[in-house]
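Shown here is one chain on its own, the form predicted on its own, set out as structure tokens.
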């Protein structure tokens, strides 16, 4: 017995070929979009990294500004970014590292920046004020306390991480 083979018509051949090529082209166009959407979730975060900024024995009870640099990567562009913090020892001996960024408009606050308000952080943009512990003074423009840097002490060295709002502590 001979088997009768089913012949593929010209129309079916073109249909299969165009469907395959169209599917391949669609996948080729869709792959970068899927990668763009998923890639940030797969990247490791460098925000949790701690950086050595000062020796603990150099920190006093008076807030002092400490600057340090980090390597920042934005897509393919790498740069060094300077970060700052107001660091001091509390009466309990604990270390408190406050972000210098005002919660009102993002200006930079300074310690004793106003002759009128001593022993307070002062924001010159709209006369915003914070107490020494970073809590905002009532009836002044900032609506929230200064962010606090995550920190740790190892071998007498202070390491600072990312700044987090006080609600997340």
Partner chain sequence: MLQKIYDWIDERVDITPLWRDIADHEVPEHVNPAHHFSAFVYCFGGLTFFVTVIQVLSGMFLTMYYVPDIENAWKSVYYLQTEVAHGQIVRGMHHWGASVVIVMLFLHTLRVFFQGAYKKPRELNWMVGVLIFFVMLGLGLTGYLLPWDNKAYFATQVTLEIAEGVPFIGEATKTLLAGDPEIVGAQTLTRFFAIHVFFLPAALFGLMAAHFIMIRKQGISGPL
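If you're wondering where the values come from, they're calculated on a predicted model, not measured in any experiment. Positions refer to the first chain, counted from 1. So that the term is clear: the rigid core is the largest set of C-alpha atoms that superpose within 1.5 Å between two forms.
In what follows, reference is made to the form predicted together with the partner chain, a form of this protein that is not presented.
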Contact with the partner chain in the predicted bound form, heavy atom within 4.5 Å, among 65, 51, 35, 126 goes to 35
Going by a heavy atom distance of 4.5 Å, is residue 14 a contact of the partner chain in the predicted bound form? no
(message) in the predicted bound form, does residue 105 come within 4.5 Å of the partner chain, counting heavy atoms only?
(response) no
With the cut-off set at 4.5 Å between non-hydrogen atoms, does residue 25 touch the partner chain in the predicted bound form?
-> yes
| in the predicted bound form, residue 70 touching the partner chain (heavy atom, 4.5 Å) | no
Of the candidate stretches 55-63, 25-33, 134-142, 110-118, the one with residues having heavy atoms within 4.5 Å of the partner chain in the predicted bound form is 25-33
Within 63-99, the residues having any heavy atom within 4.5 Å of the partner chain in the predicted bound form are 75, 76
message: Quick check: residue 14 between this form and the one not shown - does its CA shift reach 2 Å or more after fitting the rigid core?
response: yes
My question is whether residue 153 is one of the residues whose C-alpha shifts by 2 Å or more between this form and the one not shown, given a fit on the rigid core. no
